[in-house]
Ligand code: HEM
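Given next, in structure tokens, is a single chain: the form predicted alone.
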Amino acid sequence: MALAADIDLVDIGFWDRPPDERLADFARLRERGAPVHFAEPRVPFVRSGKGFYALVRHADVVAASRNAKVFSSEPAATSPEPPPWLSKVFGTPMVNMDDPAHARLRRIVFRAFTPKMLAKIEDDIRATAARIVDDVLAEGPGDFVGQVAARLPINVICSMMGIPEETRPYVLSRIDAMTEYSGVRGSLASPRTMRLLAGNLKAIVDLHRLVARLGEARRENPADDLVSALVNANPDGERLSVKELGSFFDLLLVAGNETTRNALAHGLKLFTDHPDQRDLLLSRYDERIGTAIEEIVRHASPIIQFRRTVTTGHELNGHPLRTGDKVVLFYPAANRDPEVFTDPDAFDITRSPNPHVGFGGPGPHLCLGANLARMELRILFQELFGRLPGLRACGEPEYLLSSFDNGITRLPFTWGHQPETG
């Protein structure tokens, strides 16, 4: 089915439009029937393929997510597709793997999260959240992303990995360089984009070197951190190689950082725009924060899309797909599907059931850090609303221009009165 010229998901102009307009176009695509084929631009040094089918219905996204044998994450789950030599040099990220390699890495990582490690992580989150609010009280209101949302996940991840505090600003600068080039962010053949790609690669090299040195040190002298658990053999004799550790670190820093940061910023904006929902949450915080977090993630969809490659002839929603076809799973579209969600554009923290795909669809690639993100959101919102009872956004957000990362780069905030400290 031909796509109308005014809905072009590979055009940077589409992703520069207001979020409500993009969601309205996704609704039009759902009504017309999906998948719908789009052309993908060619990028120097990056294989663009022959285009992709956009999956915008909840049922289609779930079906593709569950069936990893047909809808493969190899050779890449991201767009633009990285050059083949990249994985040879830096290793293959888990998001770009299928089983059995993918299952092996997930098994090693899961075993590293012992009850003792999880308890330490929760303590670290609480301590970090308290420091963040202490600093907000000292600095005064300004930008919620820079002062709050961006600080929690990166500090928690670095603490988990055992990275010293003095090194964390450097790590954050490398993350920003890595995520500057992802998805559609302007003319893909422009000199600026080529500079971003070069900066992205340098950032990957820098982080791999950092974590490789740390991994080597922890093999000689293990400590009470995640790197030590990953590079030393578990009861089955499995451990991550230095290259695998680097790829896992990349994934943890980007996925673990971006998802939580985006959800925090979108969450504050949603509670500001819907004070009734904020009041509902605060009246019974412990009881309602679980469903509130799921609704924030559904409504915001912090990660916009991932890609799959069809491995064999297959029919999806009445549409034939051939071996080698690309499909892109658009999570914001699936999360607003009226076939699944009543009044899908409403923000309702009591929504239940809420089978959103904001952490990826069900299946082997469901977000490994979803429970960590939930814990971070639960603890930080409790600290924020408890100590800054008038907390709210006080201006319009500035959005990141990307087809991959539904990020807010700046969000002015304030609170109604000076709260008590301590």
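The model shown is predicted, which means the values in this text are computed figures rather than measured ones. Residues carry their position along the shown sequence, with the first being 1.
In what follows, reference is made to the form predicted in complex with this ligand, a form of this protein that is not presented.
Contact with this ligand in the predicted bound form, defined as a heavy atom within 4.5 Å, holds for exactly one of 111, 319, 102, 131, namely 102. Note on contacts: among 364, 397, 355, 51, the single residue with a heavy atom within 4.5 Å of this ligand in the predicted bound form is 364. The candidate stretches are 208-216, 162-170, 94-102, 269-277, and the one lying within 4.5 Å of this ligand in the predicted bound form by heavy atoms is 94-102. In the predicted bound form, residue 308 approaches this ligand with a heavy atom inside 4.5 Å. Although the partner is absent here, residue 242 lies well away from this ligand in the predicted bound form, with no heavy atom inside 4.5 Å.
By the criterion of a heavy atom within 4.5 Å, residue 71 is excluded from the residues contacting this ligand in the predicted bound form. Not displayed here, this ligand is approached by residue 263 to within 4.5 Å at the level of heavy atoms in the predicted bound form.
The candidate site formed by 106, 157 and 376 is fully in contact with this ligand in the predicted bound form, as each residue has a non-hydrogen atom within 4.5 angstroms of it.
Using a 4.5 Å cut-off on any heavy atom, the residues of 343-361 that reach this ligand in the predicted bound form are, in sequence order, 358, 359, 360.
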